[in-house]
Every structure is written in structure tokens, then in C-alpha cells.
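Here we start with a single chain on its own, the form predicted alone, put down as C-alpha cells.
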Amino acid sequence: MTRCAAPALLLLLALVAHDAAAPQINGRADLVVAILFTLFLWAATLYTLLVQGGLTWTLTRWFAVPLGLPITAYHLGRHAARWRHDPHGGGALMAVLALHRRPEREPAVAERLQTWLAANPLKTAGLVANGLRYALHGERDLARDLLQAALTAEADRPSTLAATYAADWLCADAAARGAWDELIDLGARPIATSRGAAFLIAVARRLLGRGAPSPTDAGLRLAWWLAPRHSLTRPLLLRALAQPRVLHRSPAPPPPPPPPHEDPPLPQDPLPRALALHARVLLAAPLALRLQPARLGDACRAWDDLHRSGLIHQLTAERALHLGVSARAEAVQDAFFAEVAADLAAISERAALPLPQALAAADPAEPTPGAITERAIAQLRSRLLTELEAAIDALDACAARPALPALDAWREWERLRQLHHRAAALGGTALRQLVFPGLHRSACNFAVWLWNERKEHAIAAPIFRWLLAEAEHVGDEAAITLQRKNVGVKAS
């Protein structure tokens, strides 16, 4: 009501001032003063109509963006009251949305957009603008990570329009990949979505039967009718309608046993048997090993048994004696088993399958690793720690580069976080506890630097929350206390 009344009041004042000043203009000075006063009131009225009255946002949303005018969208968008807390980020977001409407990508416009984004601290709108910019250039994985980070930055605050744009793109991307679980998880977040995203979430709930009762036929048709682009989404509607509706969620039946795999018979002799099992896991696809982890466990167990039997030691000693190099027998045997352990570690890393898990799948009664498997575990752990230490050092170096763009700083953190996620999956809680003190020191200093020096609150706040969750997992009480304070202070 106030926004509508203010322009009318200023317009009325301008007209009254103009009428009142007209009969009293006796000289040139009075005329100039009257003209300036009238122009000032008219300018104030125009500003109120554009900004406070919402006309700027209307022109941006319904004129500049649909017509594909990124420069106009930026300058109009950053003056819209909707983006008053992040004018440059909001303007850049509008410019990216306008770029998505253009059939041709102009490098000059993209460079100017990048300059706008780099000139100011990244907030949620800036993160979303960067994510959509990367999606525009086909870098969908990086775009997905940035938009997820934008939603994480909004976790402790009411949902904003920028978060809605991020959620809409993530919903469309998940539907294009057939990742219906991700769609349902996005729908569970307290974020407002567009009608198109709401339809995709309803389709996912109907297809998977999660969140029972799943949507009715009438509800699906209504959501489809309200969503845009009916011709593109009609196949999804028909697919969802063909899926029977779930009224209540029954316990999931146990998964069927994997189909028997016809492998050639294995040799009975220990060495040929170990070599055959080793060749089988070397040639197997990573997904096949994850579905049947006992295959890798059988190979590890075969090499452990062979090492324990001393057969390799005997064969090596005999061969060395025959060649007259008996002194090198131990070194040759050690090099052989080191190569076997390196192979097992590489297979485990490639398949994202921890070796203890593979051993337990092969023989639940005897999951203890032998000497060769222990050696492979140690090699893999050393490799993971080396990668993590290099990423931590790169994160420490960011604070020494005050001119480092915020997006590059975020990439260094994201690279470290993904390496840690992979290392934790392969090394388990023991590795997480081992690496946490150094990781916590560097990441916390990095987040504090981002918050205090760079004012990049949208990037720093999710790092504090991640550190708190990791500290609680490893049981570091001092880190828990510190990060609870940081999260409480930063979220306020």
C-alpha cells in the first residue's frame, strides 16, 4: 500500500508545486528555482515509480530477460528493490538469465558479466549467477556444485528468489538425468520453487512412490497444466500417470540375489589361482566390483594366503640360486608383492570400494586383512593423505593472494572437500580422524579469512557448518565448541 501511495503523493506534490509557482514567477531567478524544484519532484516521482513501485523489476523480468538483453537486464536488475541486499549479484543473475534466451553467445558480453561478478563479494545471487553462467558454457558439473552451494548458503535464512532460481535449475537437471531421488530431496527443502519445478517433483514422487500418498492423477494433471512448456513435459506426465499410485509405503522387500556369473573354473594351485583372480578384478568394471565386492575380496584373500604359505619365497629362492643371484631373492620377492599391493590399491580406488569391505563380503567370518592386503591399504591411505595434504597446502596459499577471485577460492575449497569425501569413503573413520586436525586448522582459517577479510559470507558460512558436522563425526570436542560458536555467530 505504501509503495503505491508514495508515487501518487509525490506526483501530486509536483503538480501542486508547479501550479503554485506559476503566478509568483516575477524574475529569472524565481523561474530557475521553480523549474529546478519541479524537476526534482518529477525525478523523485520517477525514481519511486521505478524502484520503490517495482517498475524496475517488472521491466527486468518481463522485458529485458525475455528479449535477451543482458546489459539492460543487469542495469535494471541491480536497481530493483528485490535485490537491495545484493544489487550486483541480482543484476548479474538477471543478465545471465537474459543470456540464456540468446541464440548466440557473445564473448564480449560474457567477459563483462564475469567482471561484474568478480568486482563484488559473492552472495547467494552471485553464486547462482556464476552457476548458471557455467551451465551456459556446458560445464554442468561445476554449475551443479555452485548451485548446491548457493542452497547451502541459504540453509539458515528464509528462502530468496536466487535460491528459487537455483532450485529450479537443479530440478530440471535432475529430471534430465533421471535422478528422481535428487528431485524428491530438493522438494523436501524449504525453498519456493516455480510451477515447472513443482510438476517435476510431483512426477518424481509418483514414479518412486516416496512421500506416500503419492500425487493423484488429478493432482498431476493440474500441476502439468500450471507448468510451462506443455509439449515438452507431456511425455513425463504420461509416464507418471502410467505408474500406479502408492497410498501407503510398505516395507521394501529384500533385494534379489545377484544373478550367477559364469566364470571359468579357477585353478587349484595357489599361484595360478591368485593370478587368475587378480586378472579378473583388473578387467572388471568399477560398477561390477561395487555390485559384487566379494570378487575383490577373493583376490585379496588369495594373495594373503599365497604370501602366508611361503610358496613365492621358495620359488624366488630357487630361481635366484639357479641364476647365481641368491642375495637378491628377498628384494625380488618384496618388489613382486609391492606391485601386487599397488594393483589392489589402485583397483580399490578406481572402484571406490574399501578393501576391508571387500574382504568382509568375501568371508564374513574372517574379515581380518592379511599382510598383502594390509600393505595395499597402507599404500592407498598414503596416496590419499598425500592428495589431501597438497589440497590443504593449496587452501593455505589462498590467504596469501588477496586479489584471488572469490570463485577461484571457492574452487580450491570445493576440490579439497571432494577429495576428503573420496578419502573418507575409502579410508573410513580412522583416516578422517587422522586428517582432521590439519584439515580443521586450514579450513577454519580459510573460512575466517573469507568472512573477515573478503566479506564472502555466502562462501564462508557453509564451510563453518561442514567443519561442525565433521568435528561431531570424529568426536573433536574443542573443534565442536569452536565451530558451534562460529556457526552461531555467522548465522546471526
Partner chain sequence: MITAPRYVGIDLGTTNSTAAVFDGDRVTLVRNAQGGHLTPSIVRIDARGGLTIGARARRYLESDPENTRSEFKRLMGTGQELLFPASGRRLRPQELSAELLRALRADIEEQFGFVPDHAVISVPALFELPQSDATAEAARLAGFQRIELIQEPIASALAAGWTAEESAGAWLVYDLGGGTFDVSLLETRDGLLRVIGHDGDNFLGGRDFDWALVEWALGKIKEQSGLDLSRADPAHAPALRKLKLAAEEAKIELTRAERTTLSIPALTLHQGAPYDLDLPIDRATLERLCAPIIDRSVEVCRRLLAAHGLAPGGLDHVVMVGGPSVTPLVRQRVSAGLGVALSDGLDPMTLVAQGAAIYAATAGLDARPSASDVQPGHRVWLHYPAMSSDLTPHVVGRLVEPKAPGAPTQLRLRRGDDLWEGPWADIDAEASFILSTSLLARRANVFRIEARAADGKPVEVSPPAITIVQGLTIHDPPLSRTIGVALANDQVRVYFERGAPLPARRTFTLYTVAGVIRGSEDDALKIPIVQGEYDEAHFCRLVGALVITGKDLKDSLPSGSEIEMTLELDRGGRLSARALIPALAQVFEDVAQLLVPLADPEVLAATFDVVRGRIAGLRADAFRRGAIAQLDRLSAVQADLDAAHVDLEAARGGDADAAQKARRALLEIDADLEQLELDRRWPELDREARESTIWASSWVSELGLPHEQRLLDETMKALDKARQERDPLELQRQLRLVSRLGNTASLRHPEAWSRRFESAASEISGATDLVKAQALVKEGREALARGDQGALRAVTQKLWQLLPSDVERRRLGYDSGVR
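Rigid core here is just the name for the largest C-alpha set that superposes within 1.5 Å across the two forms. Values in this document were obtained by computation on a predicted structure and should not be read as measured data. Positions refer to the first chain, counted from 1.
Omitted here: the form predicted in complex with the partner chain. The next part is about that form.
In the predicted bound form, at least one heavy atom of Tyr134 sits within 4.5 Å of the partner chain. By the criterion of a heavy atom within 4.5 Å, Ala403 is counted among the residues contacting the partner chain in the predicted bound form.
For Asp217, no non-hydrogen atom is located within 4.5 Å of the partner chain in the predicted bound form, even though that partner is not displayed. Although the partner is absent here, Glu389 is a contact residue: one of its heavy atoms lies within 4.5 angstroms of the partner chain in the predicted bound form. Between the partner chain and the residues Asp304, Asp298, Asp86, Glu412, the one pair within 4.5 Å by heavy atoms in the predicted bound form involves Glu412.
Although the partner chain is not shown here, in the predicted bound form the stretch 431-455 places heavy atoms of Gln433, Leu434, Pro437, His440, Arg441, Asn445 within 4.5 Å of it, in sequence order. Once both forms are fitted on their core, the CA shift for Leu241 between this form and the one not shown remains under 2 Å. Once both forms are overlaid on the rigid core, the distance between the two CA positions of His307 between this form and the one not shown is 2 angstroms or more. After superposition on the rigid core, the Cα of Glu182 moves by less than 2 Å between this form and the one not shown.
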